[in-house]
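A single chain comes next, written as structure tokens; it is the form predicted alone.
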């Protein structure tokens, strides 16, 4: 694992980077190594700058973490919103949910170090940093709640389903894939189809009565 990480870090272009470059490097490191193992000195070294140069952009490690967490949610939120908006007018509930699930998983597993870092380190960071991220996190949760509520109002989702619990279960299951997903054994695209099939159709064969 150490050799893999070192190899990836060596691929990062050396030289001066701006605020965005520091965040890109930090997100990759947090995704791979977690919160506690990543220091400002390590971020600076991976970015090819002196440790003191980071202070031109950020006042502390936790300020970097807060920016990475916000960006991680914003990336997956925008990906999901655009995927649903791109569907033809009048698209059915199944198409909408499949698009939302696919967008979330692709942002998490294929597209963004930020989204993956958010899921991986959120529980590791200080409470003050988590609190600062709550507004962005709540906005994404509200996007899902509104989506599921519209589907329920249209009659496609059972009336007795609790929207908040469904959203917690759905996002929790999608985020958990980060811990075991292996891109060498399958794609995020295929995984999204499997998850959508399970959520939409269940796991048990229907028995004739």
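Positions refer to the first chain, counted from 1. Keep in mind that this is a model prediction, so the values were computed, not measured.
Separately, the form predicted together with another copy of the chain exists; it is not shown, and the next lines address it.
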Where, among 68-76, 106-114, 119-127, 82-90, do residues come within 4.5 Å of another copy of the chain in the predicted bound form by heavy atom distance? 119-127
Contact between residue 172 and another copy of the chain in the predicted bound form at 4.5 Å, heavy atoms? yes
Going by a heavy atom distance of 4.5 Å, is residue 59 a contact of another copy of the chain in the predicted bound form? no
Using the partner position in the predicted bound form, report whether residue 52 sits within 4.5 Å of another copy of the chain, counting heavy atoms only. no
With heavy atoms only and a cut-off of 4.5 Å, decide whether residue 142 touches another copy of the chain in the predicted bound form. no
So which bits of 188-204 sit within 4.5 Å of another copy of the chain in the predicted bound form, heavy atoms only? 190, 191, 194, 195, 198, 199, 200, 201, 202, 203, 204
